[in-house]
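One chain comes next, on its own, written out as structure tokens in the form predicted on its own.
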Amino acid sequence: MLLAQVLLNGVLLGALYGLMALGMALVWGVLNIVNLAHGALIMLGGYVVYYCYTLLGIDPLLALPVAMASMFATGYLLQRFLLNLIVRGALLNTLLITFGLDVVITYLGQVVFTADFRTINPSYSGANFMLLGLTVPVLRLIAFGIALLLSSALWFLLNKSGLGRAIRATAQNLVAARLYGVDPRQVYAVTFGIGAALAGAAGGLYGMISHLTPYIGSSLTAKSFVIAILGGLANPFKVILGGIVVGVAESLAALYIGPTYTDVVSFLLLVVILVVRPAHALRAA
């Protein structure tokens, strides 16, 4: 029964991990940018929800659309006026500028938000119910459902809408997309904005389940990177599945090895993939 409980917790947490990685996978697949500031955007989204709840009294779940809208605008402006300067450039250039952006956002976060640990604690944060002898945390179940909902929305956007066709065309063949009247700068900005919006939703949920500080970004970026490699960049549902794999692996590591080693598991999974299936990792990259 203990093992079943641990697996359940891992699946529920893993879906949130997958949601965190969705935005990175989207930007990586379309813009060919490994966004090292992705975790910082998750952090900012978490603080938007936190202050909507503490200052304005808005329920955290109802504040998620606010976080997504504000982070979409932030991501759109960042890409249009900064990252567009190096898009399709050398990989090192994109890594350097997004790393610098991460440092700047983290520093500004420390100045504005302070380094104190903060949590988003609505009245239902500790609620749970029993199912087949297992304890199901309501908030993690809600996060699981939102992750599936947003991944489904992203899949529908990419595969069933004109904007999605423009995004996929730009990612697959930039020259051909231009010939069909697609404006790559607009597509890139909207894509980065969508990635940032997904990060904002993930940040709000993460703040309800864990804690917020300006320094959480680097570890969340690393975790998102691993999940994007695991799930690939083309299918949102596979990214969520990659997150579930990481979540279950971390839960099992916490049970059998110790909670100190949970973050190590993600990188061990990456090493295993690079050794066993290097072609899979290359296709993702």
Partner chain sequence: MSRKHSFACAIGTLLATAGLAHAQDVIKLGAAVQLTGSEANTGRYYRDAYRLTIDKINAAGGVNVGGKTYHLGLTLLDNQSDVNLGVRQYVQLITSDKVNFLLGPFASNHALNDSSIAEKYQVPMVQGGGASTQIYSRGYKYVFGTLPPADDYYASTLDMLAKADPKPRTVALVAADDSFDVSVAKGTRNHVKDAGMTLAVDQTYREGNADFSTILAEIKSKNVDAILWSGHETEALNFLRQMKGLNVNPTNYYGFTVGVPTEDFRKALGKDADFAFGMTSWLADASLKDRWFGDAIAFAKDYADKYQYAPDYHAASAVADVETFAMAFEQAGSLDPKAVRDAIAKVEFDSVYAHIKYGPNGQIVLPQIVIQIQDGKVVPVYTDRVLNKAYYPIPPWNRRP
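Residue numbers count along the first chain shown, from 1. Here the structure is a predicted model, which is why all the values come from computation and not from measurement.
Absent from the display: the form predicted together with its partner chain. The rest refers to it.
- In the predicted bound form, none of the heavy atoms of residue 74 sits within 4.5 Å of a heavy atom of its partner chain.
- In the predicted bound form, its partner chain stays beyond 4.5 Å of every heavy atom belonging to residue 180.
- Contact check for residue 121: a heavy atom falls within 4.5 Å of its partner chain in the predicted bound form.
- Taking non-hydrogen atoms only, residue 213 approaches its partner chain to within 4.5 angstroms in the predicted bound form.
- Residue 208 is the only one of 208, 154, 147, 197 with a heavy atom lying within 4.5 Å of its partner chain in the predicted bound form.
- Considering its partner chain in the predicted bound form, the lone stretch of 234-242, 57-65, 40-48, 254-262 in range is 254-262 [heavy atom distance within 4.5 Å].
- Residues of 217-247 placing a heavy atom within 4.5 Å of its partner chain in the predicted bound form: none.
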